[in-house]
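Starting off, we have a lone chain in the form predicted on its own, written out as structure tokens.
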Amino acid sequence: MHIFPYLIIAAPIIASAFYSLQPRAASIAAGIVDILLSMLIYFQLPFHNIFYVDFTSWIFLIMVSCIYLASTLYSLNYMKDIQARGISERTYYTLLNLFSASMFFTLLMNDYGFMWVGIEATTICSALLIIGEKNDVSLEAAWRYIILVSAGVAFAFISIILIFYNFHTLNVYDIIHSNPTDGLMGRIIVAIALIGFGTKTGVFPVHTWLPDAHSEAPAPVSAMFSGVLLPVALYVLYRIYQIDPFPLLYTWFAVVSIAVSSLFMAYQKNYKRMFAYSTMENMNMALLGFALGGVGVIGALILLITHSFAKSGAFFSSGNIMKSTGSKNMDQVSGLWKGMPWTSTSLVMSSMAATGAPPFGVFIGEFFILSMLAGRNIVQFSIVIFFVMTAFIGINYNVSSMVFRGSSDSREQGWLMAGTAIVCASISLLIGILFLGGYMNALV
């Protein structure tokens, strides 16, 4: 019997029980426990019973547990001002723990139905976290998020029903390894899942909740959204895609979504919305890798784990900037380097990592994906290359202007917030260097 999956899910739930005692300490302890358990579970891979864990799901477990702990640590200082005018500290940590538990549940279950339940549970917890600051704009963003994502999850439920109708089981391992025939029903299931779970992943045109939710949620919640929530939804979509791969449909949706997100990024004035559209681009690049298969899957996994740290670092840095300057408008933020050197460093590193600058891991992941795409469809390759370069230039130009242009009286908001941001950005760099070093050694 594998007990680690039970403990991984239970740890944040138990932490939530400390609502009236020490919610902060309990949440940090749960994050540490989940990281240790996620690492230890590697030595039991693969296994499938009630739970299904292989190397792919293990990568996602590491991502969620690390960003869960990072967001909890960052929240220690960040929530001090918010709880005075918005959500209470106890409620915040309870929701953050349940949010994390629902993602762990989704990743571990060996049943498509329970995976759908886990995704639905993330919606409930995360919607309440969006309104943490309790202003009119955040309430509107949460409402739009609930309506659009609920509609998408309803489509996703149809795909789950069709899976059971076609295979008479919802067991993920059995269905994936049953060598299903290339039939019409399989294609319908995979297509409907793209609409349903694609809503939570950020696939165009069902992505419209994403920039509002990211920009209005508290910074650590935005980091959880971008770093792990969207990848978890993508994980479920990939598991359904494995039933009957439909690369033509998935690759074109991914390509169009990358193009659209890059265009939206070009005229953003709100730096959190800019990073939200960047997340949309990254998720669809990973979707492209999963759809291509083979080396593309390896590229998608490298991209996702690096992106989780990079984009968390970007949103942590954004939270520091917002608390210091009181503005989310890039035109009103300048000269950060002089007053906030640590935050400026993490912001620049995170932006370069998220946009695929070498030697960050996202660059390596995108290299694998694009190398495979070039041999499959030169038209798609040309479109993606153009818009990836557009996003790279746009984001890094805006970030450079915020950091190095003009002067400012901004100040760092505490060593813990700045430290968490720069550690996440540094991990994204470390992943790329280690993987690149290993790859070069293998070639030699």
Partner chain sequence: MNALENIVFLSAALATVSGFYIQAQEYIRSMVRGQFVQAILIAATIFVLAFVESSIDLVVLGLLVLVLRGYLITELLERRIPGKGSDVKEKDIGIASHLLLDLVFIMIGTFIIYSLVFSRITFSIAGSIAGDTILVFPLALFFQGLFLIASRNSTFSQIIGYIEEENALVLFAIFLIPVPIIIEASVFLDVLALVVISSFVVLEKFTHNPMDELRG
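Predicted, not measured: the structure shown is a model, and the values here were computed from it. Positions refer to the first chain, counted from 1.
In what follows, reference is made to the form predicted in complex with its partner chain, a form of this protein that is not presented.
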Pick from A357, I158, A266, A374: which has a non-hydrogen atom within 4.5 Å of its partner chain in the predicted bound form? I158
Of L162, I176, I298, L249, the one that lies within 4.5 Å of its partner chain in the predicted bound form (heavy atoms): L162
Any chance all of M352, Q380 and I383 sit within 4.5 Å of its partner chain in the predicted bound form, going by non-hydrogen atoms? no
Testing 249-257, 115-123, 333-341, 313-321 against its partner chain in the predicted bound form with a 4.5 Å heavy atom criterion leaves exactly one stretch, namely 115-123
Heavy atom to heavy atom, is E216 within 4.5 Å of its partner chain in the predicted bound form? yes
So in the predicted bound form, does E89 come within 4.5 Å of its partner chain, heavy atom to heavy atom? no
Hey, in the predicted bound form, is R144 touching its partner chain, heavy atoms inside 4.5 Å? yes
My question is simply whether S150 lines the interface with its partner chain in the predicted bound form - judged by any non-hydrogen atom within 4.5 Å. yes
Heavy atom contacts to its partner chain in the predicted bound form at 4.5 Å, residues of 94-111 in sequence order: D111
